[in-house]
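In structure tokens, the next block holds one chain alone, the form predicted alone.
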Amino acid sequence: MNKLLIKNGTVILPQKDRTIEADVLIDDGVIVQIEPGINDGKAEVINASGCLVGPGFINIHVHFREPGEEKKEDLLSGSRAAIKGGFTSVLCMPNTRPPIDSPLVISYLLSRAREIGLVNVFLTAAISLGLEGKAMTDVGLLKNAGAIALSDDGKCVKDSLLLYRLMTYSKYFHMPIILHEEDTDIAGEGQVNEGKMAFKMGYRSLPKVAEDSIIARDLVLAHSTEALVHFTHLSTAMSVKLIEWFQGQGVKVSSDVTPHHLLLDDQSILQYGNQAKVKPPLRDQTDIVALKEGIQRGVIKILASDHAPHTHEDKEGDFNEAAFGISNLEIAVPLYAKALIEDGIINWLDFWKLLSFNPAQFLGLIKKGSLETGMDADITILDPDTHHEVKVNEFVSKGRNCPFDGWQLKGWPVATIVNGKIMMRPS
């Protein structure tokens, strides 16, 4: 059966900035009708009464670890986690082993993703060869192979001339650049936010200025080159201020924030220990307030989880030796709901813009991110009133490194539809 009918839901239309009570008819992987009272005897029916029905969520920052670290995550387990989390599309970062810096690696991964066939997998290619920050990759060849963005995520591009040339070059290929901002000279071997907690625990500190100073540099480069630049996992109040000012000057820059940087502060490390060790580190409450205000004002236009799965061994032992990162892909949506919807920061329509419409626009995915006829039938159905307890031992991701175990969260995806196929069904 190629037809699917979603009935009785509240339909989110981010492209029109409104919601309607309507049904959605899908035929052969494409949305063909959106209006109340649709009936089709040949269609499989999903009853979405009491639920929100919107374009599929798109996560522009995930680590699926393949190739090279499949014991942490692979394309299959990562895709399953995405589906369970309500995501229909993901953008994988390039810091694998080997890195995604050649057409051969890109071709292999895209072939694997098609073979698995669960979720739309898109790839970010490395900015520099080997992620070493010394020589620029061949952007044209990487795009031809299927990469849709560029990043050295996990590392900052310290070479200003290399980044300037890349920004200039990237415009001709319409490739957005996603930047991990951290001045390594300032950050050094820093593990946690600079402040009382670091001093009290004797942990090496990673000052906010390590992020702020590099963002300031790269905003100037973006202004000069007019490149499409995106700053990922913002963590400081100053970063928000800097980006907002340059946006006001017409610079084409955007940014995202993770759920953990909205819900946890540096004091959380006292409770969660190694599980709350991330990069950039958890900051303080003033930064959390600034990040939420940045979302409200439209400075931060995208939500991205930075799903970073690790093995148990990676996160155990001495704090200074433990790996950075949180596995969160299948709980990111209710975590964001807790941080933003429950606190009244935004409404569900804006929520969908941040998790679907804006990411699609940023990545140039013209058939995704909107709910209208002719678009790909990538759809997330969410029950805003559903409560569940986070149970890390039930994750389908290989990564169980998560500080949110036991949290009671509200607003979970209940169905995930990719290209017209039901990948997760309402229970």
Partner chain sequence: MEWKHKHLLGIDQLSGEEIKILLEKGNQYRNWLEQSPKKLTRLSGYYLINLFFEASTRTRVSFEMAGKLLGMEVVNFTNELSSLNKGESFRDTVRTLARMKADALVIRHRSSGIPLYISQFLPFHIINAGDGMREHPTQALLDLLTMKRDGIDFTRNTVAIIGDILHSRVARSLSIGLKKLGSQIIFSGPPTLIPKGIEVLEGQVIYPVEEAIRQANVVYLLRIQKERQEAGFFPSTKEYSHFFGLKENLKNTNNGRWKKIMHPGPVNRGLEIDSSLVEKESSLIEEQVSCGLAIRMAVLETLILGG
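Numbering follows the first chain given and starts at 1. Remember, it's a predicted structure, so these values are computed and weren't measured experimentally.
What follows is about the form predicted in complex with its partner chain, which we do not show.
**Student:** Would you please decide whether Asn320 lies within 4.5 angstroms of its partner chain in the predicted bound form, comparing each non-hydrogen atom pair?
**Tutor:** So Asn320 does not count as contacting its partner chain.
**Student:** Within 4.5 Å, heavy atoms only: does Tyr169 come near its partner chain in the predicted bound form?
**Tutor:** Yes, Tyr169 sits close enough to its partner chain in the predicted bound form that at least one of its heavy atoms falls within 4.5 Å.
**Student:** I'd like to know if Asp138 sits close to its partner chain in the predicted bound form, meaning any non-hydrogen atom pair within 4.5 angstroms.
**Tutor:** Flag for Asp138 set to yes.
**Student:** Please determine whether Asn144 contacts its partner chain in the predicted bound form, using a 4.5 Å cut-off between heavy atoms.
**Tutor:** Asn144 belongs to the contact set for its partner chain.
**Student:** So which of 160-168, 352-360, 267-275, 328-336 is the stretch with heavy atoms within 4.5 Å of its partner chain in the predicted bound form?
**Tutor:** In the other structure, the partner sits against 160-168.
**Student:** Among Phe199, Phe173, Tyr108, Trp245, which has any heavy atom within 4.5 Å of its partner chain in the predicted bound form?
**Tutor:** In short, Phe173.
**Student:** Between the options Asn347, Ser224, Gln296, Thr286, which residue brings a heavy atom to within 4.5 Å of its partner chain in the predicted bound form?
**Tutor:** Spelling it out, the residue with a heavy atom inside the cut-off is Ser224.
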